[in-house]
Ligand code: AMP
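Starting off, we have a lone chain in the form predicted alone, written out as structure tokens.
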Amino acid sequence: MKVLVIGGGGREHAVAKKLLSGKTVESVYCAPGNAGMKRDGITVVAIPQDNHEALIDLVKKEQIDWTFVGPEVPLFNGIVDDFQAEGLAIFGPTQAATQIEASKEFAKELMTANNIPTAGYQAFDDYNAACQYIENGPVPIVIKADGLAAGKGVVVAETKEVALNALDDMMLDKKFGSENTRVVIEEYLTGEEFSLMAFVSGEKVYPMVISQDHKRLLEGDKGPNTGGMGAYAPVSHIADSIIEQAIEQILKPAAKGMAKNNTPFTGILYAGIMATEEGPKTIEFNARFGDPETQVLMNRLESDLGEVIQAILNDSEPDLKWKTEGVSLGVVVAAEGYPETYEKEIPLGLPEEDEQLQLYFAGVSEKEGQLVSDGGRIFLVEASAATIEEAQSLIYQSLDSVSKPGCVYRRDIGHRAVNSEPAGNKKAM
């Protein structure tokens, strides 16, 4: 079987590599892919992810069996609709269903209508009204750009000054685009955050192991929000009762609500969840795999990923098996200056891969036969081990052994698992 993976980051590298490791998929094309993927036998095709016509032509020419969509932008631009119009099998939500991520207000209305627990909120497209709401309300408070913002359109404001500056960035300076100036202002939730993803087909929900992302740039969860600086799975200090409650009260009602809205969802549904004292509450939904969560989750999956997706596309029950022992942890290496201005073409010192250590490439290109940086997040090092501490040791020793001029990474990924008290041991309501 031949498969096309659309996208070019670490998430797509992890998916493509996992597909190739199974018996179902013989070859994987990745468009546009990146130069680092070639090291794992992935066929990189230089077609932009927004060129739907060229991607459709590629699928027909190479007789590709089905396509997997990684990033949110092609989904939002209707790539699934375009493929389906040509009678081509593709795994991902339609343009209408992608609104669960593309519009924070759409997601909030879905949650309200289906009694899905979440933070209180107000949506604004009037700058002055938003400012007045902040001036009259409490802090901390959360400011979100309503549309797609590559994981960076969220500001947790500890003061009103920070909140008002966020409004300036989003609504006046149009930091996330001229068409993305509407904001959602949310109640600040306290608790332990985790990522819960699932394979979804209409109202059928097949949950994955939970993971925990580290969004902040700097150690101790300080600095600006990024697309993610590392992740680990499973999250053993989140009680099983909380996870089960999240599946029953968040994922399943969301899938049913989407179907009821005539926007049925097929693909990967991601729920960012806070384990609060009142139980799990939804922070956000995404319409695709998280990044960098995918890079650690793929190594937890014992099933053949190609077989799983093929079953869902055929409307049959997938066989999902996950590792029950050990942990997987990943650390992102980024360019200095990320998530703002950063240099490119940084020569890369790369750790050696082995049975416990894997590399997943994101912002890289090739120059004179060598890999160099070509983005903010450059690559991720993933380790599988018996404990968080052992995985941390493997990764940081490997990174310390190579030269990394112009690169930065956090040295405390997984710290919450080491330092946290068990969350959610109260009986689920």
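Numbers follow the displayed sequence, beginning with 1. Keep in mind it's a predicted model, so treat the numbers as computed, not measured.
Another form exists, predicted together with the named molecule; not displayed. Remarks below refer to it.
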**OP:** Would you mind picking out the stretch of 129 to 137, 256 to 264, 78 to 86, 153 to 161 that comes within 4.5 angstroms of the named molecule in the model of the complex, counting non-hydrogen atoms?
**Re:** 153 to 161
Subject >> in the model of the complex, the one of D304, E193, E105, E219 near the named molecule [non-hydrogen atom within 4.5 angstroms] >> reply: E193
**OP:** Go through Y206, Y342, Y188, F176 and name the one with a heavy atom inside 4.5 Å of the named molecule in the model of the complex.
**Re:** Y188
Original post:
Looking in the model of the complex, any heavy atom of I268 within 4.5 Å of the named molecule?
Top reply: no
Original post:
Would I283 count as touching the named molecule in the model of the complex under a 4.5 Å heavy atom rule?
Top reply: yes
Subject >> Partner proximity in the model of the complex: M274 to the named molecule, non-hydrogen atom cutoff 4.5 Å >> reply: yes
Original post:
Does K323 reach the named molecule in the model of the complex if we count a contact as any heavy atom within 4.5 Å?
Top reply: no
